[in-house]
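We've got the same protein chain twice here, in two forms, each standing alone as structure tokens: structure 1 and structure 2.
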Structure 1
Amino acid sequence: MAGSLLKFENVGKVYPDGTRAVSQFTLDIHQGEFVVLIGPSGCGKTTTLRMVNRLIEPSSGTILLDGQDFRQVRPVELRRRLGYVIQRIGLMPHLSIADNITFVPKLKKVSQKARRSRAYELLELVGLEPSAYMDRYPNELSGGQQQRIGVLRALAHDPDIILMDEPFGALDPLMREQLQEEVKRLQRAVSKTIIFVTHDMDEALTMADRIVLMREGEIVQVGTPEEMLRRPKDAFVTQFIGRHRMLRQASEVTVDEVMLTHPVTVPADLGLARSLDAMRRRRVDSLLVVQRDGSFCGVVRLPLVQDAMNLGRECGVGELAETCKTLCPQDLVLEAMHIMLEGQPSGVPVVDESAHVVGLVTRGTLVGLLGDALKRAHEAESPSTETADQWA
């Protein structure tokens, strides 16, 4: 089939109270695609999703389903052509599992016999023993099992498009991962088009063919997980991708993203013996010395303190502190490397505008950064073999 299965054209939604939830949303979704809508809370993901099945009517723009304006289809008909999975699961507590799975076929007046065999088939598909589950009730199932049924329910009438709104948001991490794999597997097996809402970037990166990142009702960037990681469009995207940032070149990483945030500091008037003790206990060979008001005044190194002790000097550790180069949180990590290569190898303190110590960059930090980057790069290059094995 040529063209797109689902096409958003300048879709916008303003709620009656004036909230502009979605604006100028334009997107083409192709048959078989797994599209993930992601963004901070309140950015309009749910609103966008619910406009597809007309649980919410757009205030502007159109959505084309298979090239046809979706408003030409009655909402009830439209919804029976789509699948819908929500975070709250929403199984019918008074219906058996079999009846829950085949809720839409029942609305479509499919015979009881055909519905049971469909439920049987679907339960088998996710490895739930049909004879054990068919006639049970939702309250006899665990949360994870219930959401499995929620997913099957969205497949029962064989819809082309399935809408999922944070379907695994309420599940524990283990269950969530299992279901993610299962849904991905099902999607490949039955080649459905899925629009999936989440605010978990991990989830988006694992599941998506394409990620749509939204902010305040607008699309910020659309791209494959790979593109999002490699070429985030702006600082917002970068920040949203968060800990996956390591794929970026080191030249773009700033100090505050990698620094140790709670370096050991001591007040300038601390006695030498106690300073020595502090170093021993923390297993460090230097300390950051700060004034009473918290502002940074220098670094004191272990040999200096030991020498002074041997000479029997009585003074505060501040008198032994040496000045050194410091960084601001927004400086690039590259800067830190320069400083360390140019004769300050033990580390670079990070101070804010008011000269307070907020962190420390050490050799260890930089090695960690490098390691992460290598690992991520490696993962990103070989996902196909990994998944192929998994689904074989």
Structure 2
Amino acid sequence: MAGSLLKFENVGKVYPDGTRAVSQFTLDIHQGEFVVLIGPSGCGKTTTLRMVNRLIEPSSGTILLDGQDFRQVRPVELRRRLGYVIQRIGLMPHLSIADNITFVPKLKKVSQKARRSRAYELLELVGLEPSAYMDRYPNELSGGQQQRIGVLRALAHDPDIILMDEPFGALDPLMREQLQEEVKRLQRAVSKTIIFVTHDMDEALTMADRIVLMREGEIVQVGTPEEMLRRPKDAFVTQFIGRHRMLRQASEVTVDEVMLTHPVTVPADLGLARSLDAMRRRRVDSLLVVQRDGSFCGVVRLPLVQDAMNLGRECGVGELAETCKTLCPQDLVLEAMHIMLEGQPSGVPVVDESAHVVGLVTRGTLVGLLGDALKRAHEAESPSTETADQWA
């Protein structure tokens, strides 16, 4: 991790009516770090975020950006070093998508050609076909697509830091999960520092490099998701994180507690080209195939579909589906681990009593919550160190 980019030194905010919103907030944020501020309503997390771009001025303390007191930088210049994404998005309805994305570069007198090139590049990053979206307008996009454009607008002028205030709060759970994955992937790809405000602990655990848990304007605990789950500082932290998320023995955890609840499923009669397109759009290398009645019939993997396409086969994806072991929601996670270690590493579909797919357990769903439990469960069976390490 690179050196400190943003430093809070005993920062406080007291409003004229005497309300203390933030008190003695001290934190170092490093270049390329994803920091999530979380806590109960009114804990000061949004106030802290807004003090960074001087939408709210601190009453005390200092904020340093690259070692320089941010009050020595003109607010307009400061904000051009920052990207800002909020829940209400705020796209300008009279501007095209390309012009919305590059609004700040235009203010900075970047040429139209360079702006178009930048918009094209960013749309490709989030899987929106530039030729199809560049010249559309916001009212022609879904809510999730508009939120993607809001994120791209924050990236367009290559800011030092991106501030995100409850950006996905208005979206449905499936779209929210997709955008969480997309933003985290983007952050890694472009190495940006992000400060993200949320009230959703699942979101914080999914996205953060470090979590800052606040209460009544003060920091209660700072740590990685792993540290917060393993070593909560006190009863408040435990309660806020939720006891059901705390690390437990694998013998106590059931599949429905860790499975993905919206796995990618396709009908058995879906054509091969459309199956490849589904994999591309959802960024997966396998699909769960279901019959017309919704019952699970197998898994189809990317290489099989590609090979069939190259051979010119005309068939539904169901003809390529391979059988695999499944679990029920109340089965133990330990059983899922055994199945994956015994030759089904890509995951275990979860089905209900009618054989309908209700979830998927993958390696990713187990890391963090059950890393140590996995080691303990299989040490007695003496697996190789290499095999154990890839799961931990």
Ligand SMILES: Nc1ncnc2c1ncn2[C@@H]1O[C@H](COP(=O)(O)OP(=O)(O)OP(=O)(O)O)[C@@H](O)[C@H]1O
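All values reported here derive from a predicted model rather than from experimental measurement. Please note that residue numbering is based on structure 1, beginning with 1 at the start of its sequence. Only the largest set of C-alpha atoms that superpose within 1.5 Å between the two forms is called the rigid core.
J.: Structure 1 or structure 2: which matches the form predicted alone?
T.: Of the two, structure 2 is the form predicted alone.
J.: Inspect the rigid-core superposition and answer whether the C-alpha of His356 shifts by 2 angstroms or more between structure 1 and structure 2.
T.: Where the cores coincide, His356 still shows a C-alpha shift between structure 1 and structure 2 that is 2 Å or more.
J.: Once the core is aligned, does Glu335 move its Cα by at least 2 Å between structure 1 and structure 2?
T.: Yes.
J.: So with the core overlaid, does the Cα of Arg301 end up 2 Å or more away between structure 1 and structure 2?
T.: Yes, Arg301 moves 2 Å or more.
J.: What is the C-alpha shift for Arg280 between structure 1 and structure 2, rigid core superposed, to one decimal in Å?
T.: Taking the core as reference, the C-alpha of Arg280 is shifted 52.3 Å.
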